[in-house]
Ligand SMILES: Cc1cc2nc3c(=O)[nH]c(=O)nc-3n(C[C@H](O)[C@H](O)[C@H](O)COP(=O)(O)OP(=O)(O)OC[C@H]3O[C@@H](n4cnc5c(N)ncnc54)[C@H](O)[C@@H]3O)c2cc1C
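Only one chain is given next, in structure tokens, and it is the form predicted on its own.
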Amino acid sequence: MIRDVDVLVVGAGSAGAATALAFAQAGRTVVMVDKRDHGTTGARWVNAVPRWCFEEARFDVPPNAVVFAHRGSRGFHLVAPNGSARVCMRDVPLLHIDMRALVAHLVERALAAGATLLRGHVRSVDVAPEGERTVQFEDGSTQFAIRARLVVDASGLGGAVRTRVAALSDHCPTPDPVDRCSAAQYQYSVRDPEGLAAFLAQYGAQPGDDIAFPAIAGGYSTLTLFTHPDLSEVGVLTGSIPALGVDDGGAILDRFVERAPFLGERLYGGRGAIPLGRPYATLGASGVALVGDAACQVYASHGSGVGMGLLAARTLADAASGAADLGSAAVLDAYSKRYRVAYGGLLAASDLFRRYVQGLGPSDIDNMVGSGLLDVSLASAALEQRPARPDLRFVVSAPARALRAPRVALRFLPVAARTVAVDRLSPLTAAPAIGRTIDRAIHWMMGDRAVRAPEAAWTMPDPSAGAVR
């Protein structure tokens, strides 16, 4: 038996549930299908999401999803690998979001608006450029089919629908291993608050602050701690690109936790792979739209896609507003163009910087931070997932900063200039007459990615000895 609906959303994580909610609130019939049970879909960890993403996507922030909320000033410390230089940012408008609570909130609101959630795995996809699209599912011994005007692939990096639709798989390939971040994030109770406070104090941080150690396993890698003001709980986040010959995020996290005597019981969290790269130029075809990780809509500089997925959900629903055929070429083209104009430049520039950082060694990061080439304004923009546009003060002082680290500056400053150019030019890729030419120019400016972690002595802070080894 085939069930007919307006919108079928495959994947009920944050991007999929937000898409289902937006369409259900618009009066469309919606079915979500996820391979996991109701109450267990989506990410299970804590993610730092810029507040502006919720506001611009017009989704509310459930109060119970905000972790470590407090009224005092909150710092974010970016510590150079040698431990002697750092960038300290205050009150960056980031929300530490318990993804379990956010996904549950979005799913429940979608269900309340009339959507349905089923469990199943995609078996086959039958699509046509115009008309109805049918997806076959199985759940154990049970098989069922759903026919929809619009199919939304929100299934993540693997693209359960995308890879089965020729018009998308030919233009939207699954990212190569060197373009995938292995991330892990878990929350822990704190066994020894004084020990944790002492560890933070070594780097100028205090209870309630976040502290990040980049370049611990390749240029594109991190160990970050999120702390509660009363030090009752701490989040540990790690990420790396294992294809470059380094440990994956989970192994890095486990190694740190084993050596951190102040950490107590593991409370919750998870691990997974995150796509890195520009969003696909084609975000929809043959009645299928891509959102979230399935569309490579990730802020690649630090591998965060939650906010970008929420924005994609709203952009798609707005593009389909009032349409008779929700999966028509006109709707999908409007969605692709709107997203590209609004966020394509930001995400392309972010990936350009990721490609650059991926090829750096610890001494390069030390010099970049120590010289001031990476300053508070640029680091804050990256954390907030905003365009990194150097202000007049930075431009005026750039020569002096460059003289402190000339070798690094020779590479960093041209990359910084290209990120600004890519950000400004990307919206023009949606222009009919010059779009393809602009896209080719951006592809050239992106350059070749660094596919190898330089041979160097990668460092990790030692939480047991209070020193960097």
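All figures in this text were calculated on a predicted structure; none of them were measured in a lab. Numbers follow the displayed sequence, beginning with 1.
If you look for the form predicted in complex with the named molecule, you will not find it shown, but the lines that follow are about it.
Shown alone here, D351 lies farther than 4.5 Å from the named molecule in the predicted complex, counting heavy atoms only. Among residues of the shown chain, H38 is not one whose heavy atoms approach the named molecule to within 4.5 Å in the predicted complex.
Proximity of W45 to the named molecule in the predicted complex: non-hydrogen atoms within 4.5 Å are present. Using a 4.5 angstroms threshold between heavy atoms, P461 stays clear of the named molecule in the predicted complex. Figure note: of the listed segments 299 to 307, 200 to 208, 312 to 320, 340 to 348, the one touching the named molecule in the predicted complex, with heavy atoms no more than 4.5 Å away, is 299 to 307. Proximity to the named molecule in the predicted complex, defined as a heavy atom within 4.5 Å, holds among G361, G370, G272, G195 only for G272. For the candidate set H171, H121, R191, R90, a heavy atom within 4.5 Å of the named molecule in the predicted complex is found for exactly one residue, namely H121. No residue in the set P81, A217 and T222 has a non-hydrogen atom no more than 4.5 Å from the named molecule in the predicted complex. Taking the named molecule as it sits in the predicted complex, the stretch 11 to 44 comes within 4.5 angstroms of it through a non-hydrogen atom at G11, A12, G13, S14, A15, G16, V33, D34, K35, R36, T41, G42, A43.
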